[in-house]
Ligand SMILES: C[S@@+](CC[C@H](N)C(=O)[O-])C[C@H]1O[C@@H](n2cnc3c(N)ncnc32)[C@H](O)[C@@H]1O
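First, one chain by itself: the form predicted alone, in C-alpha cells.
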C-alpha cells in the first residue's frame, strides 16, 4: 500500500470496532443478532446529514432491483444496506480500511442483507473490477482524502457501463481558504486534499460524463451540524453514533466542521453525472 494510503487507513483505524459497535447497540437496547438497517442509521450513515442525505441522493438515482451499485468508500456499509433494503439493489462496497469492510459484512449479515451486499478492502484508485461492471457508482465523503482526482473519477468511469450514473455527496474547498483541523477526514492537512467544487465538473467532462444534477447543500449541512453540536454539549454522545468511528476527538471534529461551514472554508455538494 502506498504511504499516503497507509496514512489515510491509519487515520480511520479503530482497532476494536466490531466489539465497540456491538456493545453500543446492546446498550441502546438493540437485538444485535437481528438488526435492521434502521437500527444502525445513527451509526453507519458516516457522512454529513446522515441518513437524510442518503435518502435524497438515492431519490435522484431512481434505483431499483435491476441496478448493480458500487459504493466507493463504503465505510461500515450504511449506504449499501440502505440501498439494498429500500431499493432492492445489489451493492458492492469497497473501502481502503479492511476493518471497516469486516464490520460492514458483519452488520449486513445481522440485518439479513448478506445476499445483497458485499464488501471488499481495495483502493478507489485501483478498483478490482472489470470495465463496465456497474450501473451506478455511489460515493459520499471519500475524494477529500485523494489527491489524484482524475484517477479517482477515471476509475469510476472505467467500471461504469455506458449510460451509467455517478452519484456523489461530497465536501469541497470553500472560498475562504483552508479548513480548521481536525475534521472527520483528517487531523491535519497531510491527508486532506480538498479542491474547489468547480474543479470537479471539468474533470468529469473530460472523462465523458454529463452533468444531470448539481446542488449546493452547505446551508442544510450547517443546520445539521449545529444541531449535533447542541445535542453533544447538552447531553454528551449518544450510545450509538458516528463518534464511534471518529476517535476521542470526535467533539472537536464536529465543532470544526461547523466552524468551517460557517466561515465558508468548506462547501457540500450532491450531484449526479451520467456516462
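Note that the coordinates shown come from a computational prediction; the quantities given were computed from them, not determined experimentally. Residue numbers count along the first chain shown, from 1.
Unshown form predicted together with the named molecule; subsequent notes refer to it.
- Using a 4.5 Å cutoff between non-hydrogen atoms, residue 209 does not count as a contact of the named molecule in the predicted bound form.
- Contact annotation: residue 73 falls within 4.5 Å of the named molecule in the predicted bound form, judged by heavy atom distances.
- By the criterion of a heavy atom within 4.5 Å, residue 195 is excluded from the residues contacting the named molecule in the predicted bound form.
- Although the partner is absent here, residue 46 is a contact residue: one of its heavy atoms lies within 4.5 angstroms of the named molecule in the predicted bound form.
- The listed set 113, 137, 173, 94 contains one residue whose heavy atoms approach the named molecule in the predicted bound form to within 4.5 Å, identified as 94.
- Interface residue among 118, 133, 123, 86, judged by heavy atoms within 4.5 Å of the named molecule in the predicted bound form: 123.
- In short, of 198 to 206, 158 to 166, 94 to 102, 175 to 183 it is 94 to 102 that has heavy atoms within 4.5 Å of the named molecule in the predicted bound form.
- Contacts of stretch 129 to 150 with the named molecule in the predicted bound form, defined by any heavy atom lying within 4.5 Å, are made by 140, 141, 142, 145, 146, listed in sequence order.
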